[in-house]
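Single chain ahead, by itself, as structure tokens, in the form predicted alone.
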């Protein structure tokens, strides 16, 4: 029986379709080289169509093979577990947002445009910057785009970045700027996780497009005098790029207040959650400077009024994508981007409010400090990998024994500790990067360190 919702896969139906159009199947694929055509059935599936119930049974059998952690994972590295209120999930899944895609016809997409305008406004206030786009794929592509932006504006090729830069962002950024002649030069960081200003001054020159800082750093420590990097950038006419974890800005000074020309961030902590590496949201903004704004990739949503001034409306005021009039002169080829994630982040911040966001950041800071107190009590076999005074959310721990062995033993017990740092950063052998967030109770943290006591 034919049905428009059932795939046209039966041999009888295929013959009817070919008979109707008056062609053979070989004629339909004659453009494909003969040597590339497979002359047998694919060895996939179960050899027959399966019922819905059979599929559910098979799916559940696969899911049962997953290891189920006893408590939320402590794996750091830029993306950490966080609680997502159900109202955020519900609102973000409404059809008005979920299927709105990119507003190609802004005059009939007022709702999604207003939501993105609100996102831009919230991020600009949080980072204390003038203009934020809507939006980027994730933190790594936001960083890479920021580097390219700085290179275009200054017409220089070198970016100075800390040697403990997020290694995942480093790889993406190197991949993006190398084809256009760019290079990243890494400046030293002292044992306390603070930039080595003398080394930075030696390396900064008239070929430097920008100085890049992560604050909090990839290792979770706070850079205490970030304005000093701005002073060095100013001496060479370079731009100052600062990456910040957005929730931290509810209690720490935002980068716009200490001179950032370009801000970047990863918005996964703003109610997006974790799911096989996602979902992510790249945050990218600039101070009010036309040379920076015109080179900003992606799109900007603006608010205006009608001719009578009685009704407000929203429109795309900057579209530097290649599908629009910029064509080959586009600053970026970013397309679908993460508009839905931007809307979900705006819903999350709206639900918490600024006071709620501050309480969240204070909670994370207290959990981080509570974990550090545990480390101090176990100095005979673990200590902080860097001697910083302040940490937020992520903490690097160095172990006296082999951390690979400790890691595997903890996983066998259903506890997922910090990611191993030795494959990612030089000089951090037997170190793990642990994350402590709002989903970790004090009992969870106690259980982590009690379990380490037993397996070390």
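Rigid core: the largest C-alpha set superposing within 1.5 Å between the two forms. Positions refer to the first chain, counted from 1. From a predicted model like this one, the values you see are computed outputs, not experimental measurements.
What comes next is about the form predicted together with another copy of the chain, which does not appear here.
From the list 196-204, 153-161, 89-97, 233-241, the contact stretch for another copy of the chain in the predicted bound form under a 4.5 Å heavy atom rule is 89-97.
Interface residue remark: residue 402 is not counted as part of the site for another copy of the chain in the predicted bound form, having no heavy atom within 4.5 Å. Taking the partner from the other structure, another copy of the chain in the predicted bound form has no heavy atom within 4.5 Å of any heavy atom of residue 381. Another copy of the chain is not shown here, but in the predicted bound form it comes within 4.5 Å of a heavy atom of residue 72. In the predicted bound form, another copy of the chain sits within 4.5 Å of a heavy atom of residue 85. Residues 52, 53, 56, 57, 71, 72 are the ones in 50-74 with at least one heavy atom within 4.5 Å of another copy of the chain in the predicted bound form, listed in sequence order. Taking the rigid core as fixed, one finds a CA shift for residue 70 smaller than 2 Å between the shown form and the other one.
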